[in-house]
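Encoded as structure tokens, the following chain is the form predicted on its own, with no partner shown.
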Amino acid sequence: MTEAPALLELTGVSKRFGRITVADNLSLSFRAAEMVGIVGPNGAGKSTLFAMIAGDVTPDAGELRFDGRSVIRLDPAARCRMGIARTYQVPRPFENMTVFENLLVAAFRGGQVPRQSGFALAANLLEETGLSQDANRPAGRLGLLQRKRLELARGLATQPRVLLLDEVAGGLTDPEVAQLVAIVDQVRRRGVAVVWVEHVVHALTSAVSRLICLAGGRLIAEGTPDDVLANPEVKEVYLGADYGAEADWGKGVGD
């Protein structure tokens, strides 16, 4: 069976900040309806990778294509309208707006959704992400789990084709993580490509079909979660050379 073409593709992407290399000739691709996890130690280049995909940071070299079109010169707003959405490790809602108003802004401005459709979309997302009871609450008054849910819902309100998730499981309990994983999997089932950076490794291994490990801006390993986590180089760069073969990757290492 022929493999589906890449929806999002990076080719030879490099980026330096002064003497620090944060992306070293990276070539990665992601297909529709695929959930891919990205792990790596602090400073591996994960956040910069997301920033380059979303348009917040311009690569020094390389190409970035979305649905066959170069987006390297497009700003973040244009990329969002095309279907590239991202969340942030520290949620960034409009704190003085209600949860529902936050979703409307994302739908109208980020997704260019027509007014009537935008209200319906926001209402559906409140239900899907478990925020219905908080619809009229100011976003600044939400607890951590609900803020994470809102960050996810705001990304979905832009009607993305690629969703970049940044540390959505951090700080949550195991049951709360399981709830978010279930929501994200439903998103993938609708055909959205999900690229998920996470230090809570067991959240990724329970959800993704492919895992990527970065270190020092380089691609260290790529494959099934089991294969990548068993890779000796991954263990060394991620957790240190003395990390034992029997260590438990499910404890949220690297937080």
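Note that the coordinates shown come from a computational prediction; the quantities given were computed from them, not determined experimentally. For every residue, the number given is its place in the sequence shown, counted from 1.
Not pictured, yet referred to below: the form predicted together with a small molecule.
In plain terms, the part of the chain that comes close to the small molecule in the predicted complex, with a heavy atom within 4.5 Å, is 35-43 out of 185-193, 222-230, 35-43, 60-68. Site annotation in the predicted complex: the residue of 179, 98, 89, 146 reaching within 4.5 Å of the small molecule with a heavy atom is 89. Of the heavy atoms in residue 205, none are within 4.5 Å of the small molecule in the predicted complex.
Although the partner is absent from this view, residue 22 contacts the small molecule in the predicted complex, with a non-hydrogen atom inside 4.5 angstroms.
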